[in-house]
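Shown next as structure tokens: one chain only, the form predicted on its own.
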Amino acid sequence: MTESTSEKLVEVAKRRGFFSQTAESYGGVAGFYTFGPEGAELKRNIENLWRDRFNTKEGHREIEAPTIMPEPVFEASGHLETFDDMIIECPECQSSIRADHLVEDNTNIEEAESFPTDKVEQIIEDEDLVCSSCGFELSGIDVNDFNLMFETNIGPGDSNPGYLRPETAQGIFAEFPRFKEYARNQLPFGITQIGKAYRNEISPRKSIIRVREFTQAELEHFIHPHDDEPNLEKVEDVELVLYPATEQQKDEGEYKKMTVNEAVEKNVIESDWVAYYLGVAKRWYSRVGIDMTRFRYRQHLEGERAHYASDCWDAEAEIDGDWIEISGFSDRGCYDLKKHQEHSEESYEIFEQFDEPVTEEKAKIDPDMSWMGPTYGDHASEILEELERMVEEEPQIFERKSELRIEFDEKTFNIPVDKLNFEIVEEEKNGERLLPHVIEPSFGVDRILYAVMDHSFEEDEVDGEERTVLSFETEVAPSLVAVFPLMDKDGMGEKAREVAENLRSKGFETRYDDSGAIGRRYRRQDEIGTPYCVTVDHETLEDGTVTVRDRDSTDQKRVDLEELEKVLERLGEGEISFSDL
């Protein structure tokens, strides 16, 4: 069996210091990976380019919240009840298997995650699926929900439970009352965060694609429920490859290729804001090195959509024949802010000041409490709260009915309307309180890094020798340049080290290597994706020029040392190409 690209890539990643399983000296631990020197630099570059595009250029602000938060935060967000995956336990070998992945790996079904557990149980029985570890038949074995959050205790004892955050978003939502003050209650505004998230995956797999600790880059964009609109002109001509839910449900569903503007006009993408960020993100993916011929946006099916999302699209990259989610774009409505407001003692609303005062009719009640208290006793306050809710949401029933029916604690109370002093009054308003809606682009940094490596991975032959190349974009590459002496003698080594130190002092991420034959040193840099190599040779000592080699073409050109810094700067920023030298 031939080795897959992913298998080769993982081997290169481990050997060249991109990433490897954590604590391998102790047998390793599934779902945790350590990024080595090259991988950490590649990751930082991707994160910084994300900050540049989604934070700086959009005018948003970045925060950093704790990775552990108290239990009430996740009660409010719904994660304690709904943040589950499907698990099936093998009774023979006691392996824990993610049931929807078992179905997807062994059938033609692509999105089993969207199915209820009883349907997944039926598929396992119909298809005679077996345990992936020992081969035991799993027909008739229950499929259960498994909550993915890591639980801990804050402080000694167990009286203050907490959880490692499963997403960075809740750190933003929980602090919204403070952030709205920083934004002076002016919508729209955005808060970003890049940081670790944790999910106790049932069966981590595919190296860093499905892990238990990972990095997210998330933007929570708070907008007016009705008035704020994105500037679609910025992205209206960006062509998208879309895979809508309607096409996924067909036997031979097709991709829809259309511009952002067409997708909005044809209502393929319901939210203008989601469409805007799909356009922005596509340009960014191309910038960091995602192959656009292996990229698509897929709309979530009804059953797989998160509990908070009215609509959601995933950015997916093709890796070894599989489509892997690398980012999600959701319209979360006011779900999160409403839930946190209900569970906390804070107001999550924003007061919108009108340009001019407006006069509105408003329904109100002024109950006769001297009658209501003695009549309804301990239930009087609860009844009053319900009446106030009704007059705000359903004022017409106070005019239509002479008696209102309210139920508490399995008791029914009939309230005479004439005891409530219902009336319509005119009020002058200077503004109104509202809960903002949230648009969320959420990026999986580790998966994007893997996709960038996979889409940059090439094998070719140079001078009769096979080589492996990671053809990173210059902005992403862990290092822009490597400096070599042709040989470490006759002063070439000292001069090469001087050149390398000078480039580092100017801010260039620079590698130095004087070990082995020059061809082998080139191959090492090709394999970690360094775009340019500078070689100091005898001519350097005579005329002050060096050889600059291009990674992709392997062409070489002489450059004056006095011009080297400027040349590398212009190459790195894309102002010139190597052929322009």
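Here the rigid core means the biggest group of C-alpha atoms that line up within 1.5 Å when the two forms are laid on top of each other. It should be emphasised that the depicted structure is a prediction, and the values quoted were computed from it without experimental measurement. The numbering used is simple: start at 1 and walk along the sequence shown.
Here the subject shifts to the form predicted in complex with another copy of the chain, a form of this protein not shown in this document.
Tell me, please, which stretch of 245 to 253, 416 to 424, 207 to 215, 453 to 461 lies within 4.5 angstroms of another copy of the chain in the predicted bound form when heavy atoms are compared? After filtering at 4.5 Å, what remains is 207 to 215.
Within 4.5 Å, heavy atoms only, which of 235, 131, 141, 174 is in contact with another copy of the chain in the predicted bound form? Among 235, 131, 141, 174, a heavy atom within 4.5 Å of another copy of the chain in the predicted bound form occurs only for 174.
To verify the annotation, which of these, 522, 33, 532, 50, has a non-hydrogen atom within 4.5 Å of another copy of the chain in the predicted bound form? By the 4.5 Å heavy-atom cutoff, the listed residue in contact is 33.
Could you tell me if residue 82 has a non-hydrogen atom within 4.5 Å of another copy of the chain in the predicted bound form? No, residue 82 stays farther than 4.5 Å from another copy of the chain in the predicted bound form.
With a cut-off of 4.5 Å between heavy atoms, is residue 562 one of the residues that contacts another copy of the chain in the predicted bound form? Output for residue 562 is no: heavy atoms all beyond 4.5 Å of another copy of the chain.
Can residue 57 be called a contact residue for another copy of the chain in the predicted bound form at 4.5 Å between heavy atoms? Flag for residue 57 set to yes.
Residue contact check: residue 570 to another copy of the chain in the predicted bound form, 4.5 Å heavy atom: Output for residue 570 is no: heavy atoms all beyond 4.5 Å of another copy of the chain.
Can you list, in sequence order, the residues from 490 to 511 that come within 4.5 Å of another copy of the chain in the predicted bound form, counting heavy atoms only? The stretch touches the partner through 501, 504, 505, 507, 508, 509, 511.
If we fit on the core, is the Cα of residue 275 displaced 2 Å or more between this form and the one not shown? Moves: no, less than 2 Å.
Can we say the CA of residue 185 moves by at least 2 Å between this form and the one not shown when the core is superposed? False for residue 185: its C-alpha shift is below 2 Å.
After a rigid core superposition, would you say the CA of residue 94 moves by 2 angstroms or more between this form and the one not shown, or not? It does, since the residue 94 C-alpha is displaced 2 Å or more between this form and the one not shown after the core fit.
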